[in-house]
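Take a look at this single chain in structure tokens; it is the form predicted on its own.
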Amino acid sequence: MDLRVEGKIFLVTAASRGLGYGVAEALVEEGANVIICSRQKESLESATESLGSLSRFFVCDLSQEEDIRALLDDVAAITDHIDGLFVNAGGPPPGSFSDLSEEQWLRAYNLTLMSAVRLTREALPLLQTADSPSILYSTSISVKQPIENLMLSNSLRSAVIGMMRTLADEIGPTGIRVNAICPGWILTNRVDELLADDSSSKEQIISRIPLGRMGTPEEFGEVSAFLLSPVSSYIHGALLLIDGGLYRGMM
């Protein structure tokens, strides 16, 4: 399928590796131009080298308001519009309620929720000048069913969904689509880190997934590219699980 993104411009955050990189790669393969960011210049250089000439990067710590404002200023200096924004900021650390400090809650609040708020606010002027603009928020299956020992993710990612649903009403009339994609267990460095202390966890998780395996960043990226593209022009305010059938709820 032609996603009709050739020549279009997308900002993909936290994209030097993992899920964000998978999205950037899928868009580039469709002929789109991608701007990526993360905190580490070296990893961004490696990522853009792999992505090729349709990519470029800016260094940005998404937990910092000033960095996000600077990122969008840099983007505005090279283009008068962006056709899509993929909002992704990695995940907050694991931990139960009793284990987490006030400082950890505040850091996770800035990384997970406020990065989405700030990226959206700063990107809206560039999206408003595009022909078929869209925003896609990367969250987690945890917004449907909590994941053990991920108190911060379970709490704060749900707030992102609340924002997305409300934005669907507020900015939908302007022509900007908003959606969210909710990965289950995808084989990334973060998953490796979460499971590092328990060698049996991976097998136990896979045993609960009907497809019998974890997903790949490439699979995640291809679905995300579709949702960002004009091909999905009547999908708005939606929340799509990409989890191999792990979630068992009816809604």
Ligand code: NAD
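Just so it is clear, the model here is predicted, and its values are computed rather than measured. Just count from 1 along the sequence shown to find any residue number.
Heads up, the form predicted together with the ligand isn't pictured, but that's what we're talking about next.
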query: Interface membership of Leu11, the ligand in the model of the complex, 4.5 Å heavy atom rule; finding: no
query: Ala89 within 4.5 Å of the ligand in the model of the complex, heavy atoms; finding: yes
query: is_contact(Pro183, the ligand) in the model of the complex, heavy atom dist at most 4.5 Å; finding: yes
query: Proximity of Ile205 to the ligand in the model of the complex, heavy atoms at 4.5 Å; finding: no
query: Three-residue site Val23, Ser55 and Ala225 fully in contact with the ligand in the model of the complex at 4.5 Å by heavy atom; finding: no
query: The ligand in the model of the complex: contacting segment from 161-169, 74-82, 117-125, 89-97, heavy atom within 4.5 Å; finding: 89-97
query: Within 4.5 Å of the ligand in the model of the complex: residues from 122-157 (heavy atom criterion); finding: Thr139, Ser140, Arg157
